[in-house]
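Same protein, same chain, two forms; see structure 1 and structure 2 below, as structure tokens.
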Structure 1
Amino acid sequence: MRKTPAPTDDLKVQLTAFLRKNYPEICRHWFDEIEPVDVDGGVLTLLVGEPVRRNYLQRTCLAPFTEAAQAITGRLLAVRFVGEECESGDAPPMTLVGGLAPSELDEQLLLSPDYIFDTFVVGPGNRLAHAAAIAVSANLGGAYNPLFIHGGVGLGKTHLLQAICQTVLRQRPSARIGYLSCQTFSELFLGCVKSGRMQDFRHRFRNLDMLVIDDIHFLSKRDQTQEEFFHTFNSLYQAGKQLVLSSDASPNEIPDLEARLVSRFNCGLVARVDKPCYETRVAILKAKSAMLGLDIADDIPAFIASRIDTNIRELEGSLTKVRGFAMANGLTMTLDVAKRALADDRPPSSVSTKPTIQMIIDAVTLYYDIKLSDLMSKRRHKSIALPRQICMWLARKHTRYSLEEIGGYFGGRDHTTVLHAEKKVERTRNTDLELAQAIDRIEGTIQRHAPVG
């Protein structure tokens, strides 16, 4: 029987090109590191050195890779992801908790290769949580124990939890880590109670090196689960094992949580993550673009960041929408394309007859012919500083935002900066006819584009 020729570099290039064209949403820059190593028995073997990446691909990307392999070769191939340590070419799935049965693997939250410390953008609102997470990764049980991270939805809590897990796994491959949601912990507990397997449950969770629980606030009003988690917490803590918890509220603000659990959650480090400021939002979008292999102008992240100030998920969702719109229409990702793609995503305030800050920014940048990224930057040149001050003055006049909120829109500036701008423009426009006329024209543009009530 003739042996199938080994895969060539051309196959690797074609495979990546097919995925980037047909499944851009799954593609990452590290896909270039995936190596085809063998085609044998109707199976294309792909080498993926990083265990977390390999497990992620196996569980979420198998179908697209299989389609790509079949389309390129014209053969009915299956795809298998393997690691360097597996001589037989059949790498077992990565298990975070020792002793798990195959049917229980899905109970573990899947680690995403995207969620590592290198891709986490640090800003004023998350600096403490980030520093604490790094410290915990380097010294399990000896830095901050427990580490309790809390904040609103989509602000990076899960990113930090997964970054801790992945760092520990790289440094200590044999570490026994449990990473799951509070909901799953509760369901496993109740299932073991009903089936009389509490000994198995306790053995599973009280012999870990690190227990990581996402959304621990779901313990609220679950008396039985709280009782069991209290004993699990004590067992691990007393053994010097690491506990990492996340929640949408601080321990003291979780309703119906037993006082003894509140006390234990507070005995380590409680770190809050807040909404990212404008500059952090821009940096997040740039980092996401780089991870997706997108080459975009600085104006696009600046534009999206000026529109979305809620959370990271909505920021990334807007970037995805812009990319999808550009691809669907065969367009290059420009600022104009971004504005068209997000034209229907107006903030709630835009349904009124009052103009929004974004409308003010658009009118000012158009009039002065300056880049949005320059307007939001720290540059103090008069050609940039004056339009920025006019934006702030107009925002104070036409919107109900506070000085602090307006400052946040313009690169996270202090409220005193906005107050200074307001007073300076008001004073100058009374003596400078040219400035007064410029403001009148800008306001005319704003009114023409303001929504009709």
Structure 2
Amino acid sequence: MRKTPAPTDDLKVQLTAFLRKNYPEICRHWFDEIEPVDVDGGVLTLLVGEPVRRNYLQRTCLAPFTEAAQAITGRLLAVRFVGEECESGDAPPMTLVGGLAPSELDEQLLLSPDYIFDTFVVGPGNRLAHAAAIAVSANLGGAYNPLFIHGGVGLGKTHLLQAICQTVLRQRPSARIGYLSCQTFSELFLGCVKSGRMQDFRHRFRNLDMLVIDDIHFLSKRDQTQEEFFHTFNSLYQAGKQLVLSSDASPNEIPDLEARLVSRFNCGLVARVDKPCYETRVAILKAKSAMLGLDIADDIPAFIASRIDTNIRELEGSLTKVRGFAMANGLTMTLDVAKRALADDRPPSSVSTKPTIQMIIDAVTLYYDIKLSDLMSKRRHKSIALPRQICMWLARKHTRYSLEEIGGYFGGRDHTTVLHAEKKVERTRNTDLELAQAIDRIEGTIQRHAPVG
């Protein structure tokens, strides 16, 4: 790689300063370790040693970095992230599942550099799951197999799964790891069935060193996928390869999971993650603010932790809110500012409450771990269509908007679509326990956030 002309340290300082000012939400303390190495042919080359970080930057932060580079230099620069090992300067895509076509690589869940063991705070609620995750990453296939982690939304399951993947990749960069959501596994499978590429599919999944599937509870009801997953599981298990699964319920509680899979899941270690206690919540908030490079008053974590005891994603949400409020008003993050920032979301009392459409969407996207843009999109895949229909049903139940208004809101759909969604959810929830439970939990979240009306 050409090393001249070396950009000045100034560029590095200005780059991070620009990002911290304009895109604080993407900034991490390790951004200081990103080294500008070269400006050549209209391209600013940035060195990022860690493959997971590099891949993450490339896939999610390219636009802000490009904007920053252009704003600082006044030139129309492109930005490229490279690693030390690649002379050519091209960041190799991280192939987690061997032999996947580039388009299929997108199906892989992206590993977040935030989700490593170093940033995971251990407390009574997650001690077992954490210890098991560490043991598994140190001894693939030899410690606990399968490792099955279950628990409520936002309690760190995905974080632990990704920490396992990243630890293994760091020790053995050539390890063949498949890390997917259950929906993606199912989509890939059905896609291969349709196009007659089952050989490919089996080859791909049965040659892994470790298969990690997030939110395996979505497997229920999908018979064909369940069958295939069972065979994938067996073939990996018999070959001594590691399996790691997460779920919102224990194996015995996942509706419609075949008995043979229940018993497979139970034969390794089943570890539950529980809600964090107060001390753990405080420690998590401190760790998160350090990770985000936030300068907050010491008493803010205690204040937030005393108000929010539901899940960790919501704890983080409050921290983000305080930061946003402080930034928008040009204030430092003191306890007083935090109180003002969070004044609106007092816990509800028993007085009547009125959910807004925004709360409905927040609760649904939180539960299904999907993006708002997906809900509003034209995508009709079941993993998006069902949450969208639930949103519509909840909007009909809890708000006074008309069918037309709701349809318009969700990506310009007409009133018959909303009517169809309403009827379908109404009908299905009477027979489908899984759906009924999901709606129950979503409504619980909405109730906890509804303002006192």
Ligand code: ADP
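Treat the numbers as computed from the prediction; the structure is a model and nothing was measured. Residue 1 is the first residue of structure 1, and the numbers go on in sequence order from there. Under this definition, the rigid core comprises the largest set of C-alpha atoms superposing within 1.5 Å between the forms.
Q: Out of structure 1 and structure 2, where do we see the form predicted together with the named molecule?
A: Of the two forms shown, it is structure 2 that corresponds to the form predicted together with the named molecule, while structure 1 does not.
Q: So with the core overlaid, does the Cα of residue 21 end up 2 Å or more away between structure 1 and structure 2?
A: Shift of 2 Å or more: no.
Q: With both forms fitted on the core, give yes or no for whether the Cα of residue 235 moves by 2 angstroms or more between structure 1 and structure 2.
A: No, residue 235 moves less than 2 Å.
Q: Does residue 188 move its CA by 2 angstroms or more between structure 1 and structure 2 when the core is aligned?
A: Comparing forms between structure 1 and structure 2, the residue 188 CA shifts below 2 Å.
Q: Core superposed, what is the CA shift for residue 379 between structure 1 and structure 2, in angstrom?
A: With the rigid core fitted, the alpha carbon of residue 379 is displaced 54.5 Å between structure 1 and structure 2.
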